[in-house]
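As a starting point, one isolated chain is supplied in structure tokens, in the form predicted on its own.
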Amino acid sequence: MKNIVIIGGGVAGMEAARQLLALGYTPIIVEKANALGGHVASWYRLFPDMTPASEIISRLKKEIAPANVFTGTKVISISREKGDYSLTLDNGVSILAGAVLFATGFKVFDASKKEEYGYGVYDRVITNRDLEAWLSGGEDKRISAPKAIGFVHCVGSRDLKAGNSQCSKVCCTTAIKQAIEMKEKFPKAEIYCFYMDLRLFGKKYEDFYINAQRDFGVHFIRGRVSEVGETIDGRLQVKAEDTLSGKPLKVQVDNLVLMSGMVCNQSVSELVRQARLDIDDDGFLRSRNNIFDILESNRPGIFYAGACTGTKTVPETLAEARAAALEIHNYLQNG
């Protein structure tokens, strides 16, 4: 039986491995981090059901135990050899594979590039990722009994100046989730969400938004934040325009959370070049087509799953991983 190499050990790679094991294969996962789980492993709870992310990761790790897993390891070269692919790992191991799955995910936008929001300048400006780490039990001296918290949507997404015109899909709902979580921890705090427009397309997402307003009193302000400054007492002053009322406003908060979006993972660019894979105009990997062959690359035997081809939610990522495993099985069976 031919080898199947999965590049990336996030939820896409792990779920694909789980399905391939059920189909009788022993896949090989290569993950550059020292542990499996990817971005989801650092998350606290997942919307809209507030499922602990650790439960998802623990279940996947348990069920892929029979797979061959290399953590803290990178694929440094890939080439086509007589219909198969030869891969070399940075630990000196070489693998000949009949199929390769790219499950290389995404990168989080660097919020410091949006200088007007003050990330890296003002201590109490943090990102959604920073807040999630704190919610998961990490220490962060910047968060201390806040009386008011602001959330800025679409940081690095839908932004031509930032080089990313795409919607990240998850930022609006993540902001709502984190707003609810902060209200649960600090019931007396005022919570403000500054948004362009709300994109809540998933199952129960709209209910999630309604609950945030009705049950938790989260304030939603339609308008871009234009400027952030620090007050004498160390708080943050947020200037924005309420586009519904047409009036400018100023709000003082103790923490401002920037919802950094998803961007393409450029750390795999060298592998992509070696494998002669197509790149889309947004920087993500380009599927053979965006309807019928979204899991296939332009090269036979190389497949995709998850956010390597574009922004995805966790349920979408898991669904693609399951489908990709079946595509690989059919490819190997049919030659």
Partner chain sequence: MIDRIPSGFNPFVIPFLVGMGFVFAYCIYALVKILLQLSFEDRKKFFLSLVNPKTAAKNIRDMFCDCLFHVKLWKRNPLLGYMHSSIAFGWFMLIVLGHIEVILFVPTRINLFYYPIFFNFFVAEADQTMKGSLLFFMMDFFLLVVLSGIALAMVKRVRSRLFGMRRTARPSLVNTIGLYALWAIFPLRLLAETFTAHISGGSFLTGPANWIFRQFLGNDLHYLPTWWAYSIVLGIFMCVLPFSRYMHIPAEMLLIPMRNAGLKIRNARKGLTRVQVFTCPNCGVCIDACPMSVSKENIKDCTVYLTRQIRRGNEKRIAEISDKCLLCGKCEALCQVGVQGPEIRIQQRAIRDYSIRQDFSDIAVNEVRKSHVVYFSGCMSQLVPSVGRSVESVLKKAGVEVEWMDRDGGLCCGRPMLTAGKTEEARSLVAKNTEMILSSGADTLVVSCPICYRMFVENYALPGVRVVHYSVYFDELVKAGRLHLTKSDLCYVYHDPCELGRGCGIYDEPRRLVGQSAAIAESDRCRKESICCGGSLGSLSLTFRQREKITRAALENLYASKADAIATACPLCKATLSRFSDRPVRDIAEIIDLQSR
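Positions refer to the first chain, counted from 1. Quick caveat: nothing in here was measured; it's all calculated off a predicted structure.
Below, we refer to the form predicted in complex with the partner chain, which is not included among the displayed structures.
Heavy atoms within 4.5 Å of the partner chain in the model of the complex are found in one stretch of 78-86, 142-150, 95-103, 219-227, which is 219-227. Distance criterion of 4.5 Å from any heavy atom to the partner chain in the model of the complex singles out E116 from the list E116, E184, D207, D215. The contact residue chosen from V251, L198, C167, A162 relative to the partner chain in the model of the complex is A162, the criterion being a non-hydrogen atom within 4.5 angstroms.
Taking the partner from elsewhere, K74 is found to have every heavy atom lying beyond 4.5 Å of the partner chain in the model of the complex. The shortest heavy atom separation between W134 and the partner chain in the model of the complex exceeds 4.5 Å. In the model of the complex, K239 approaches the partner chain with a heavy atom inside 4.5 Å. In the model of the complex, the partner chain lies within 4.5 Å of some heavy atom of V121.
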